[in-house]
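Just one chain is shown here, as structure tokens, and it is the form predicted alone.
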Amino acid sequence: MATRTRRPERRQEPLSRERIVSAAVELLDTVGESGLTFRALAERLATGPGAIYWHVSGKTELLAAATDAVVATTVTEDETDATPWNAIRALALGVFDAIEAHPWVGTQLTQAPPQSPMLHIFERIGRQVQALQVPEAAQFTAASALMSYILGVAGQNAANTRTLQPGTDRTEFLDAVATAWEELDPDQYAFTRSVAGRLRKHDDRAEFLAGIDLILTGISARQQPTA
């Protein structure tokens, strides 16, 4: 009788904090914050909840770590050769794209405690504001304005995307909204009607960067000596 050769068991990748956080990001992208439980995470990692608690104390810490992991990809680029203006644009667009790809990040950034990933973004913005030679008394205002715009617009864009039904065609959706704008009362909504065509064909990322440029133009203009 032939003997069956026993196949060696597949060796599991050692459980680590990095592996747990990576799996948490994947789970958050799939089911959102409410679906992130240690039971669901344990099933994804083929381990027990107790093993996860060895590396992460609870959901709050796990959400912060997952957010930090996503944000880290936006603040690690070398800006040595970039002008402060371009460095801010690149950072802003990185945050915009990260929140669009991971909509839950926007919410977590606004709720995070001190020493949070949000401070990494604020620090990078602030250093570029200083490089623009903004007067010290205006640096906090300038950096805060940029920070608020970046998180606000990126978060709103992600929220808009999440409200759309799966399979919704963006072009058709914008066309329907623009058409509705064009049919508004001309006396009450004269401006809204006038820009309906722009809504129909606008690009979210391009408009976002245009807003960054407006803020930077304003910051630069305040530094010019008055006649």
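We call the rigid core the largest set of C-alpha positions that still match within 1.5 Å between the two forms. Keep in mind that this is a model prediction, so the values were computed, not measured. Residue positions are given as counts along the sequence shown, with the first one as 1.
Another form exists, predicted in complex with another copy of the chain; not displayed. Remarks below refer to it.
Exactly one listed residue, out of Ala145, Ala90, Leu132, Ala82, brings a non-hydrogen atom to within 4.5 Å of another copy of the chain in the predicted bound form: Ala145. The closest heavy atom approach of Val75 to another copy of the chain in the predicted bound form falls outside 4.5 Å. For the chain shown alone, Thr141 is a contact residue for another copy of the chain in the predicted bound form, at least one non-hydrogen atom being within 4.5 angstroms.
For the chain shown alone, Thr47 is not a contact residue for another copy of the chain in the predicted bound form, no non-hydrogen atom being within 4.5 angstroms. Residue contact check for Val195: one or more of its heavy atoms lie within 4.5 Å of another copy of the chain in the predicted bound form. Contact with another copy of the chain, judged by heavy atoms within 4.5 Å in the predicted bound form, is confined among 24 to 32, 52 to 60, 65 to 73, 187 to 195 to 187 to 195. Residues of 184 to 220 placing a heavy atom within 4.5 Å of another copy of the chain in the predicted bound form, in sequence order: Leu184, Asp187, Gln188, Tyr189, Ala190, Phe191, Thr192, Ser194, Val195, Arg198, Leu199, His202, Glu207, Ala210, Gly211, Asp213, Leu214, Ile215, Thr217, Gly218, Ile219. Remark: with the core as the superposition reference, the CA shift of Ser194 between the shown form and the other one stays below 2 Å.
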